[in-house]
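A single chain comes next, written as structure tokens; it is the form predicted on its own.
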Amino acid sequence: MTQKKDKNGLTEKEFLKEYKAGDYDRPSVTADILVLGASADLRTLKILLVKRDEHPYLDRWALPGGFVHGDETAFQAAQRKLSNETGLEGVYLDQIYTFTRPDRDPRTRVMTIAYLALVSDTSDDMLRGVTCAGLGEATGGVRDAAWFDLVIDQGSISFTNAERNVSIEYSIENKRFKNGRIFYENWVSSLKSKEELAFDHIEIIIESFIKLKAEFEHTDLAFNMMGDTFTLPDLQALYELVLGKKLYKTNFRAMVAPKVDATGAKMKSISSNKMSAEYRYKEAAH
């Protein structure tokens, strides 16, 4: 088979042999992960943050993440960093967006691919007892990992961990942007508290949460944030927590009916504190 030659008379093999990667900018690539769940009482969203143990942003709280190695995909890097920094494995993980602002990292040009991870357990036990004393070299510059209350009110977004006496708050406002002929709204943040998140991680959190809200009501994502079995009142409470609005009981149950199976047993509902029929995610049963 005749090999094609380019305008310089080179075959692809010859071209690659002479190719000099150093002639072009080569930005580094990282994977950052927003790990999201709900509190045990289903009243508050929980976000996992790690405390940085190295420059830049030494001692700042950040999303777990790190550099993508040459022999792995960004998805594999996200899985690796989650396991190393937090002990989380086998959780739902989905790509959100690629952040490429030139000045987002003071070290060099670093692009990051952001992922959203959804979990059903936000207890400290889920972190395998990750503490300042227990973190090793494999964590890659992280000295602590903790669940923070994520509260989104009208005009603000905050991250609070009472045990560590940390409260980080940003103002948010809706702004309109144009893309082609389409106008859309997005949140723009500005810092309100003395402490702030590292890098541009507030932007990653905002983009991830907006995407989650847009998809949550019409997909099965909620079941990644529930236990193996649950009650319908608790499932509805989770939907309302993420969506930030009340749902009509009849309409909600009609919406989730094709997605759940009754186990025939009963369990105590977290949200109503009453015994209720027990259900499980239908796909998980097959």
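Computed from a prediction, not measured in an experiment: that's the story for all the values here. In case it trips you up, residue 1 is the first one in the sequence shown, and so on. The term rigid core refers to the most C-alpha atoms you can superpose between the two forms while keeping them within 1.5 Å.
This next part talks about the form predicted in complex with another copy of the chain, which is not shown.
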Notebook entry, point to check: Which residue among 240, 41, 59, 261 has a heavy atom within 4.5 angstroms of another copy of the chain in the predicted bound form?
Noted result: 59
Margin query: Looking at 175, 109, 164, 213 here, can you tell me which has any non-hydrogen atom within 4.5 angstroms of another copy of the chain in the predicted bound form?
Written below: 109
Margin query: At 4.5 Å between heavy atoms, only one of the stretches 246-254, 33-41, 231-239, 216-224 reaches another copy of the chain in the predicted bound form; which one is it?
Written below: 216-224
Item checked: Proximity of residue 72 to another copy of the chain in the predicted bound form, heavy atoms at 4.5 Å -> yes
Note to self: With the partner left out here, check for me: in the predicted bound form, does some heavy atom of residue 113 sit within 4.5 Å of another copy of the chain?
What the structure shows: yes
Check: Do residue 68 and another copy of the chain come within 4.5 Å of each other in the predicted bound form, heavy atoms counted?
Finding: yes
Check: At the 4.5 Å heavy atom threshold, is residue 149 in contact with another copy of the chain in the predicted bound form?
Finding: no
Notebook entry, point to check: Of 90-104, which residues get within 4.5 Å of another copy of the chain in the predicted bound form if you count heavy atoms?
Noted result: 90, 91, 92, 93, 94, 95, 97, 98, 100, 101, 102
Checklist line | After fitting the core, residue 264 CA displacement of 2 Å or more between this form and the one not shown | finding: no
